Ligand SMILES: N[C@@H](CCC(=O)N[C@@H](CS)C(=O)NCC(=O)O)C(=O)O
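Only one chain is shown below, in structure tokens, and it's the form predicted on its own.
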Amino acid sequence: MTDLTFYTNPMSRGRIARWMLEETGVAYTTEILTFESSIMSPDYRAINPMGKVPAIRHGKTIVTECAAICAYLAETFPDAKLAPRADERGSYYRWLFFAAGPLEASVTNRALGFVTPPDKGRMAGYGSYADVMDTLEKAVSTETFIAGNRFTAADVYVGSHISWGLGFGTIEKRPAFVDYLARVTDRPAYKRAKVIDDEAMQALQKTA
């Protein structure tokens, strides 16, 4: 019996947390929520008042937000060796939070048709979409992985953003992004997570 519960929907950012959970190798139970009903239920809103997935409950600890879930799991289950070593911490945290902040904001704004006025770049925080793409390209080109020569939890998070962005056309299809994505997804845990979520998505579609 595990004390780790994963709340998700296979058509959501929950896929990021699923990949991370599979990387840790720890046992967990899954609760699939639907956008039309259970995700807004009082029981789930007590876990995440935002009414969003994913979330995890580990004993009495609740963690939401994908970047936080990745970091928490990496530190809580050190045997998986997904947390940064001392020499990796700078790049690990830098790019983990870059993806959670400037990358997600710039990509979402652009997808919604919002373009930062040239004279308002400082106010937006991320400058411009072009700035973010150029910076992301350098981040994934400097080393084999985002924090150095070793796969970490930050690669789960950054890699997931690039995967979604390339898939939906919200991130430019630059060779550096394609190559990095191929490196980080060539892992048994990623493949297991994808199969699990694809099957869950098919099951939901059949009952819809």
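One-based numbering along the sequence shown. Everything numeric in this text was worked out from a predicted model, so none of it was measured.
Keep in mind that the form predicted together with the named molecule is missing from the display, and what follows is about it.
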> Though only this chain appears here, would G51 touch the named molecule in the model of the complex if you measure heavy atom gaps against 4.5 Å?
Replying inline: yes
>> Can you work out whether C66 and the named molecule are in contact in the model of the complex, taking contact to mean some heavy atom pair no more than 4.5 Å apart?
In response: yes
>> in the model of the complex, does F35 come within 4.5 Å of the named molecule, counting heavy atoms only?
In response: yes
>> How about I162 - does it come within 4.5 Å of the named molecule in the model of the complex, if we only consider non-hydrogen atoms?
In response: no
> Of these, 21-29, 6-14, 195-203, 181-189, which stretch puts a heavy atom within 4.5 angstroms of the named molecule in the model of the complex?
Replying inline: 6-14
> Which one of I39, A139, I171, I56 is close to the named molecule in the model of the complex, taking close to mean a heavy atom within 4.5 Å?
Replying inline: I39
> If we check the named molecule in the model of the complex, which of the residues in 125-153 reach within 4.5 angstroms of it by a non-hydrogen atom?
Replying inline: none
